[in-house]
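Okay, so we've got the same protein chain twice, two forms, each given alone as structure tokens, structure 1 and structure 2.
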Structure 1
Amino acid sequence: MALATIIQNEFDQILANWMRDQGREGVRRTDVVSARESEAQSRELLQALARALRDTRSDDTFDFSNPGWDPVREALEHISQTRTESGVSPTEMAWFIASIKQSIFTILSQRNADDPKLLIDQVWMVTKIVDQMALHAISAYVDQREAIIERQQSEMTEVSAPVVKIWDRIVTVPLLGTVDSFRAQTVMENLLQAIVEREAEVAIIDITGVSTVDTMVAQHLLKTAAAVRLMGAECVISGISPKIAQTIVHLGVDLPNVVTRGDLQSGLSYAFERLGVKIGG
């Protein structure tokens, strides 16, 4: 009996066996994926597999990249996304896919007991198919994790470099820790956007919390200051400690047309003077 026909005719039994085997193998994570959700995902994937086997050839010409396998790849990507967001590990994801083998093998051995050669051929074909499914699931898992990490990094950068309006027409962005290219670009974009939205005339970049200043950081500061000037505002860099000043001089980095101050208070005083703001005692 053809593999596609067996999967179609024995669908419910294969699904039941698969759900049982998931429990035995410890694949079913009821703490993060409910039993109902796990069954729904298993059914979705098995249905896609049955459809692909029906619409494509399961022989030596098997090619998982064939458009006929699109439903399986799409199901795997959907399940991978859901499980990744739920906290399932890549090992658990791989075992979830691989655990379908035993349930199919059991049915195949029952239906083709009188034809050992056909049984071996079908077992080998199922092995190749499921292995490809597992590899695709892991690839999708990695892509999903990278997307999540990138999104979290972006969100953390937004939080770690907030632009604060501290007075009318004055905004500041305090920097803490390490400033890399990605973060520097985010700081520049946020600062320029704040200048437009808040009609700021002075932007203070406070680097008191920056641990080290190297050539790259200095260049980022220069680029940001230049961009601020192009927006019609003045840039003040505060938090220039003696150590950072010595480092900048040692690196041979020039900060032309950039106002610098030793601390945020001095930077703010300069901004008040620049805008003609007087604070009563």
Structure 2
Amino acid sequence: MALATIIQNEFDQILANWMRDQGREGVRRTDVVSARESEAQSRELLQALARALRDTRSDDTFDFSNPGWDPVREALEHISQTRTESGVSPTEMAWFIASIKQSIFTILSQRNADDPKLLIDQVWMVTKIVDQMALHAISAYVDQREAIIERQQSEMTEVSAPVVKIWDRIVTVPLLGTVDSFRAQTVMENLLQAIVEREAEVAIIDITGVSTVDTMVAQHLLKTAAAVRLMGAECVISGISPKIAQTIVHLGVDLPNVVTRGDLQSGLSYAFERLGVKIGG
């Protein structure tokens, strides 16, 4: 009996056995994937597999990238996505797919017991298909993880350089952590944009949270300050700790035409003075 026919005819039996095996192999994560969801996913995948086997030739010409296998790949991507979101590991994902083998093999050996050659061919075929399926699920898993990381990275970059207006005509941007070229560029763009939008005359870059200032960071700061000046505003760099000050001196970096202050408060009071702002009290 042909592979496609067996899977078609014995669909419910294979599904039931697979669900049982999932429980036994410990691949069912009842904590993150509910039993019903798990069964729905298993059914979806097995249906797609049965359809693909019916519509394509399962012989030496088997090619997983064949359009006939589209539903299987889509089902895998869908399952992978829901499981990635609920925090299932790639190993568990692979186990889940691979655990289908046993139930299919059992049925095959019952139906084709009288034809060992056919049986071996079919077992080999199923192994090839299921391996491909597991590989595809893993690669979908990795793709989805990467998409998540990429999205978080771009979100981080956006929030890592928030330019805030702290007073009329004064904007400030607090820098945290390490300043690489990419972030420096983002900071510069955000700051210059804010100067235009908020009609700022003083821009304060606060580097209290920057762990190290080396020549590259210093150069980025100088460039940003120069750009701010070109726009007719003044740039103040605040939050220069004693450690950073000594390091900058030893490096031999000169910060000409840039007002620097030890903390944000001094930076702000310089800006007030500069703009003639008087505070009551």
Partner chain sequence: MNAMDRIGASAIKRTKFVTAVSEIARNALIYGGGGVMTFHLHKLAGRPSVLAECVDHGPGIADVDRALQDGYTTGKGLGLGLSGARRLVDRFAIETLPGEGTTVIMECGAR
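Residue indices: 1-based, along structure 1. All values reported here derive from a predicted model rather than from experimental measurement. C-alpha atoms forming the largest set that superposes within 1.5 Å between two forms make up the rigid core.
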Of structures 1 and 2, the one that is the form predicted in complex with its partner chain: 2
Taking the rigid core as the reference frame, is the Cα of Glu44 displaced by 2 Å or more between structure 1 and structure 2? no
Return yes or no for Asp70: a CA shift of at least 2 Å between structure 1 and structure 2, with the rigid core superposed? no
Once you line up the core, how about Glu92: does its CA shift reach 2 Å between structure 1 and structure 2? no
Fitting the two forms on their rigid core, what distance in Å separates the Cα positions of Gln265 between structure 1 and structure 2? 2.5
